[in-house]
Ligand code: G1P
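First, one chain by itself: the form predicted on its own, in structure tokens.
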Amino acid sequence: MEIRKAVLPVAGLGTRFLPATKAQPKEMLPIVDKPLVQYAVEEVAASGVPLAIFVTGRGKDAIEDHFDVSFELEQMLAGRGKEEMLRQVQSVSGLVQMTYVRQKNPLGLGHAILVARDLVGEEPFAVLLSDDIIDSETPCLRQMIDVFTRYGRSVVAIQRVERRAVSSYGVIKGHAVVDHNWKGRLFRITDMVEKPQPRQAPSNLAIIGRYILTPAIFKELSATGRGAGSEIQLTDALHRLLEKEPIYGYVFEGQRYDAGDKLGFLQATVEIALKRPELGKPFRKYLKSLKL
């Protein structure tokens, strides 16, 4: 079973970044010179997944425009001899095949995935949340696909977080899978709890925004009522699915930035800029000059 489709839910209102997101999608906020959503699509492409399914909403046209061919801009760049800029612009529209579907009601992540059901069909698929930027030698999604290829069941990306932070995440309970390929990074999940208090949390293994799901999740989402925030929660549907088939948690290799949070967004901007060959040295010099 190959993973041929990735769902990117991008219909959220981005209220944590108001007023910047009043008239533009949160997913189009730039980290250095690329919007958040482009990092996610580049991960899809680098992982060998050929199709990205965007679940959009009102006011998200800029996302579709960003990944479309911009004839006038390309003609202008070509005419002025700006070959490197032209290459960058053209590469964006050629990353993967793309299609779009509307989430007409803001009913949460679970509902957004359910909206993509007809486009996904009866096959396993990936879900990526563009708030999470993961910098790794091997793309996080590619790592998860390798796990799925071996076990053929749903896989969620997990990360160890501080105990005091668990109330911001879905948290898993599980036991480590004895498999030398992943050296203690793979867990067979036995339970999961949405945003527990630190004392009640079953572990400090938090679910972050990468998933590989079997098509069985659609039946569970359809049967899941509104939960926290009066939304259809993916964690609730995964909890139901767990009663019927195994789900694995994978501690990915790489650095994750929570760019859906203002501090995380700033950290991602600084650290990614420092890694850029043309920016790293002068930017580091500037940072050292600050009287902090």
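The structure presented is a predicted model; accordingly, all values stated were derived computationally and were not measured. Start at 1 and count along the sequence shown; that's the residue number.
One more form of this protein, predicted in complex with 1-O-phosphono-alpha-D-glucopyranose (G1P), exists but is not displayed; see below.
The candidate spot formed by 169, 208 and 211 lies fully in contact with 1-O-phosphono-alpha-D-glucopyranose (G1P) in the predicted complex, as each residue has a heavy atom within 4.5 Å of it. Partner proximity in the predicted complex, defined as non-hydrogen atoms within 4.5 angstroms of 1-O-phosphono-alpha-D-glucopyranose (G1P), places exactly one of 74-82, 175-183, 89-97, 128-136 at the interface: 128-136. Of the residues given (224, 56, 235, 47), 235 alone sits with a heavy atom within 4.5 Å of 1-O-phosphono-alpha-D-glucopyranose (G1P) in the predicted complex. Proximity to 1-O-phosphono-alpha-D-glucopyranose (G1P) in the predicted complex, taken as a non-hydrogen atom within 4.5 angstroms, holds for one residue of 156, 140, 120, 109, which is 109.
Within 4.5 Å of any heavy atom of 1-O-phosphono-alpha-D-glucopyranose (G1P) in the predicted complex lies no heavy atom of residue 146. Remark: residue 195 counts among the residues lining 1-O-phosphono-alpha-D-glucopyranose (G1P) in the predicted complex, judged by a heavy atom distance of 4.5 Å or less. By the criterion of a heavy atom within 4.5 Å, residue 34 is excluded from the residues contacting 1-O-phosphono-alpha-D-glucopyranose (G1P) in the predicted complex. Although the partner is absent from this view, residue 239 stays clear of 1-O-phosphono-alpha-D-glucopyranose (G1P) in the predicted complex, with no non-hydrogen atom inside 4.5 angstroms. Contacts of stretch 237-276 with 1-O-phosphono-alpha-D-glucopyranose (G1P) in the predicted complex, defined by any heavy atom lying within 4.5 Å, are made by 256 alone.
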